[in-house]
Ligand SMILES: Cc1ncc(COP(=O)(O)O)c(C=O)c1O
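The form predicted on its own is given below as one chain in structure tokens.
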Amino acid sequence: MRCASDIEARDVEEMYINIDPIQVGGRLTADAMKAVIAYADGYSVCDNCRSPFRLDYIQKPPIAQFHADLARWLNMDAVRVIPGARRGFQAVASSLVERGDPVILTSLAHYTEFLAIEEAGGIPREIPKDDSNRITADAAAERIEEVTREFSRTPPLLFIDHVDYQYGNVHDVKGIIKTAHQYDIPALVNGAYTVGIMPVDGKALGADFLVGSGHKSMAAPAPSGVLAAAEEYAGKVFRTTEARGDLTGRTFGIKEVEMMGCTLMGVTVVGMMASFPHVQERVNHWETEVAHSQAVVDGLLSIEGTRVLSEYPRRHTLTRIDTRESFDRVAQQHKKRGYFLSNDLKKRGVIGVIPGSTRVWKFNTFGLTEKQIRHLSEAFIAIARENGLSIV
């Protein structure tokens, strides 16, 4: 089946169990699919845009109400929808960081946090991870002290990943933010792998800013995300324009500088809105999701030579696994080399492991049913057995 003459229809979610680490939380709901079709045109949500002509004021479809509901759900004071989490990092860094300022982030931070700091003219300084690949409040305090001595001033901003993208480890965000606040440093929580798949309470964490990803974790089309702020900083990051044309004298009302006026339009915002009731409900089942993740990890650990590099027992559905002494040993002798694993998984209806990966790789079990979890675990074990690996 084709969408157009040279564009094949994508049937990944219909045909396979997808365990791609970055895709599973963004899998669209049926309601979002319907919204996508209805609002596919670029300016489709602008039919009823009235003064003061800004996206978050539109009543029909109920975008204004969605913003209010989203802020309440995240327990933050103000929220805007944005084109991806990275735009949230960019907006906050642009608002708080001056050229030459040191900015704290972690050794597990996503690259877009570095880019946001660089664009603002800041200088990144990393908090080291410990031997368990975790970021601790003690390490944050020590790093803040070092950086403050180096620059003779405290950093204007600290980034902390609620769950990092490399190991899927849950860090002591509350403790780290408490430490940052002792130095009067505001903290941005990167919730790209938490907002929308597990309960997140911004005020309970102490977050000054909370960023989420629509297409990673909120069952929304890409690019989409959310930037929430505490009241103390909302006026700064969501400040309105003061620009005036020197020839025309034109001004632009309540358009927000960091949002470049309006943000998510059409299919992205309405898709996110359509999935929101499902997202609100699904975070209540987080413990089941974690149990599913643990079951698959335990299945993999039953294969000789396999190690889990993420924290154990699991507290998240994204896991980094080391199979250099199991599947990679097979790959050294296999006629398909490292591709045998992804090929054999696909034969069993599983995709999402990067083709050729048999050394260190990641997977994510979020959203799979009990039956799919059992099939996935059995698939790994069956492939191991077929290739001469022992099951312990």
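The first residue of the shown sequence is 1; numbering continues from there. Just so it is clear, the structure is predicted and the values come from calculations on it, not from any experiment.
There is another form of this protein, the form predicted together with the named molecule, and it is not shown here; the text below is about that form.
Out of the stretches listed (255-263, 72-80, 278-286, 209-217), which one is close to the named molecule in the predicted bound form, meaning heavy atoms within 4.5 Å? One stretch meets the cut-off, namely 209-217.
Under a 4.5 Å heavy atom criterion, is residue 154 part of the interface with the named molecule in the predicted bound form? Close contact is absent here: in the predicted bound form, residue 154 is far from the named molecule, nothing within 4.5 Å, heavy atoms only.
So, in the predicted bound form, is residue 112 in contact with the named molecule at a 4.5 angstroms heavy atom limit? Yes - in the predicted bound form, heavy atoms of residue 112 and the named molecule come within 4.5 Å of each other.
Check whether residue 165 has any heavy atom within 4.5 Å of a heavy atom of the named molecule in the predicted bound form, and answer yes or no. Yes.
In the predicted bound form, residue 224 touching the named molecule (heavy atom, 4.5 Å): Contact with the named molecule, yes.
The unique member of 125, 129, 320, 86 whose heavy atoms fall within 4.5 Å of the named molecule in the predicted bound form: The option sitting close enough to the partner is 86.
Among the candidate residues 228, 192, 269, 197, which is the single one with a non-hydrogen atom no more than 4.5 Å from the named molecule in the predicted bound form? Residue within 4.5 Å of the partner: 192.
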